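Same chain, two versions here, written out as structure tokens and called structure 1 and structure 2.
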Structure 1
């Protein structure tokens, strides 16, 4: 059954090719069903390979399959080959499983879009690229998928490219990821130089012979690449803007593809990390903890329902990096899987809310939706409890395990993770209360129901009848740059109607994936329960891959129980704080979030200001230096050589009398010198 490994990426690739050729002819909804079937078939193939692997002993659960020789160049040879082992099969199962549900959901969500078939072309290509990334048996094939998901994210984030904001978001994701790609490529070159191979089986076998300095350099370079793909400090800026794409894309990027790449790469390369300097894992853990806390503080002040989830993803990825830095690779993959369940659920749930509210995605325009959107609200609440760390939902088990390892590494890192957990419970509770509970803010015109939001969109305060009356002026305008988005008559995506809204529940193609994901968000913790060795199924499954770098806990049982209890209390404190602020005072004016947090600590705008100010000056200065000094020196030497050569060329005229003249002149000079120096022959 392991011989079917090639079929896992082949099916989405076949779906991509067929849709490229026949997509428009198939149209809606056939193109969507074909794409869904292709990814669903890939999930079945992954399950078959998984079952085939279960019948083998742990040390035999690695199957290599070479399709063809790709790059033969002297001593450097790379095959297009796949490596099916517990880590890659785990990734394949949840990538294809979640992606199938997202494809099914997208059939309903993208209904009526003029580029319906093109959307599924990109989705199939995205899944294929991610599968190449996790199945590749060497760093170069992984890099092929690495770049593939980057390109697909550009296509899909800017899918509605007629909007400047969407197009810019796609370009921002593409350019930011190139910074991380530099680290990946240099790490790959250095690995080949040190080991003579970039195949993972060779890296795992030869990592023990690496010099500490070399292993440290490779790890730090891989960390740069992972930070770009998995949106960690300082390269996270592209992910919040990626919300410009259709919601199924957001779910696919955040839950099943792309952002998990960095965590996968570091886990795959754990034998190299284990050989590096002792401080390197701590650096990874600090980056993760800092990112988790930073993103959580920003999430508490966002009003866009998808941006709350975007910053939440950055924060949860920080937890995974914290786990990797703590040597808890099983916990990192465990949280990656459970996060895929509940984050896909939350994103698709937010998409269902947006769909039901006529494209409105600002929570200041929502409220009291739980009865009108019963399936969406019930499943969203399940996702909320899972990510908030409420037992026995899956997020509690995976997050608690990470915090336990963090405690063993450093109580300070545990404290950062604990505060982040409280903030997570708070901002997710705030999101649920503002969306599904409290006062309805969609049943009246925008200017009356949500004055702040109306001002931001440039709607005059007096437009209570739902008709825009021109641009605001004076104090009514939030800023001089505010433009009435309703003037054009064609609303940007994510901007709801000006008048009252009639919410409605989504179709079955959208609600069925929510129900399945809700079940997984509840039961996913069963993969790795901490009670006995027998309940740690994921740990035993991944042991052949992560054993070289896995840290062994030295925490007493009593301490474990105490930390778990503290984590539960922390989550409840976060929920209670949100209840006090946003639920009990539901009829009063909502509390104002600090502008510092709402604008992400001004990090993104600060980068933009730096790039447009000192950065631009520095760039212009360097360009002038390169053009004037470097190019000037090179051009000056060329001018001197050309001039000298031109002068000498004139002496080679081909006339014998000229050469005789030169000889005679030379003889006279020689005789003169000899006479002058008194030489006697």
Structure 2
């Protein structure tokens, strides 16, 4: 049964090829169904492989399947091969499972889009790349998938490419990812020179022989790569912008799968991390914790429903890195899986809200949607409780594991994680209350319902239904940044209509995945319950893979319970604060979002200013240097030759007598030289 491993990536690849050729002809919705079937088939194959693996025990659970030799070059040889072991099969299961649900969702979400089939072409290619990433049996095949998902992310973010903002976001994602890819590549080279091979089995076997400095260097470089792909500080800036892509993309790529690649990579390379210097895992943990806290503070002040979730994703990924740094690989994978469930749920739910509200994304225009979008709100609330860490939802168990290991590493890191947990509960509750509870702000024209939002969009206060007459007066008219987005006639994505909105629940293709994910978000905790050894299923399952690096916890049971209780209390505090500030108050009395947080501590704008300012000047200087100095030297040589020639030309006066004079003079010189040299005639 394990021989079917190759089928797992093959089916989405087949889907990609078929849809690329026939997609337009198949049209909507057949193209979508075909794509869903391909990924669904891949899920079935993963399940079959999983079942087959259950039948084996211990070390036999690693299955290697080589397709063909890819790059043979002297002492270096790399195959396209797959390694099916507990870790990769776990990843395959939840990747293909969630991808199938999201493909189904997208059939409904992308209904009516001009490029419907092209969307599924990219989605299938993405799933193929992601599966190559996790199934690859060596660093190079993983890198193939790694860059592949980056490219697909680029295509999908800039899917609605007629908008400059989307195109820019896609480019930003790709280029930022590339910075991480640099780290990955150098890590690959270093691994090869130190071990003679980049296959995972060889790395696991040979890691013990690595010098500490080498292992440290490899780990740090991998961290750079992972930080790029998994949106950690300082390379996270692409993820919030990536929300420009359609919501299924945000759910699949930027919540459940692509961004988890970094965590996967570090988990895969845990034997190397284990032999590095002691301070290296701490660095990883600090990066994770800092990112988690940073992103949580920014999420608190976001008004776009997807941006909240984007920063939330960055924050939760920070938790996973914290886990990796604390030696809790199992906890990291556990959280990866539960996060995939509830984050995909939250994103798809937000997509359902956006869809139902006529493409409005700003929470300041939402409110009191609970009764009108029953399934969406119910499932969203499940997701909220999961991410807030309320027991017995899955998020509680996984987050708690991480905090436990963090405590064992350093109470300071635990504290950071704890504060982040409070903030997480707070901002997610804020989101739920603003969107589904409270007063409705969509049943009136925009200028009436949400004046601050109207001002941002350049719609003058008191403008009538659907009309944007007159320019904003006063300072706003003078400000060059306020442009009435409604004037162009072509609404940017995420901007809802001026008039009242009719919210409606989405079709079954969109609500079914929500329900399935909600169930998983509730029950997902069963994977790794910390009570007895029997309930720690995930730990036993992953043990052969993470054994070298997994840290053995030395915390008393009493402390465990105490920490868990504190975490629950913290979550409840966060929720309570949100209740007080957002549920009980009308919009006008709710606290204003502080600009520092809303703008992400000006980190992104700072980077952009640097790139556009000194960065651009530096590049321009180099271009000037090339034009003027280097090329100038070449042209200078030509000028010199011409000049010298021109100067010498003046001796050619055409005056015969002058020539005669030269001849005579020359003759005298020659004779004189001969005479003085004593030449005998």
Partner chain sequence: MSAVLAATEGAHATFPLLTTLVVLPAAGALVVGLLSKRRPELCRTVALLVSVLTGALTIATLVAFEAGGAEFQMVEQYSWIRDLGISWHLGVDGISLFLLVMTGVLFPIAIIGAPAPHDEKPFLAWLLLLEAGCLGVFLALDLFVFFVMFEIVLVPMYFLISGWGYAERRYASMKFFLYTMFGSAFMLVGLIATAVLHGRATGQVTFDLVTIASQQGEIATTTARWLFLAFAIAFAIKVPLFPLHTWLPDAHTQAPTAGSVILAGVMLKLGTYGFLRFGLYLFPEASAWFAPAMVTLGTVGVIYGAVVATMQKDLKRLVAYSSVAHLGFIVLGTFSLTTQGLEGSVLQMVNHGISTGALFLLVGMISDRRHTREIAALKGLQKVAPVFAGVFTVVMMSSLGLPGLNGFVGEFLILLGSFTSARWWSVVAAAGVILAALYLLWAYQRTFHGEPDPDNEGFREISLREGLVMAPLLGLIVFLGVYPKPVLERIEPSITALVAHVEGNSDFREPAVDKTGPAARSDVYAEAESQGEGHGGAGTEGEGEAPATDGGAHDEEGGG
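We call the rigid core the largest set of C-alpha positions that still match within 1.5 Å between the two forms. None of these values were measured; they are calculated from a predicted model. Positions refer to the first chain, counted from 1.
**Student:** Which number belongs to the form predicted together with its partner chain, 1 or 2?
**Tutor:** Pick structure 2 here.
**Student:** Under a superposition restricted to the rigid core, does residue 56 display a Cα displacement of 2 angstroms or more between the two structures?
**Tutor:** No, shifts by less than 2 Å.
**Student:** Does residue 658 count as moved between the two structures, where moved means a C-alpha shift of 2 angstroms or more after fitting the rigid core?
**Tutor:** It does, since the residue 658 C-alpha is displaced 2 Å or more between the two structures after the core fit.
**Student:** If we fit on the core, is the Cα of residue 27 displaced 2 Å or more between the two structures?
**Tutor:** It does not reach a 2 Å shift.
**Student:** Having superposed the rigid core, state how many Å the Cα of residue 629 shifts between the two structures.
**Tutor:** Comparing between the two structures after core fitting, residue 629 shifts 8.4 Å at its C-alpha.
**Student:** Aligning on the rigid core, what is the distance the CA of residue 619 moves between the two structures, in angstrom?
**Tutor:** Taking the core as reference, the C-alpha of residue 619 is shifted 4.0 Å.
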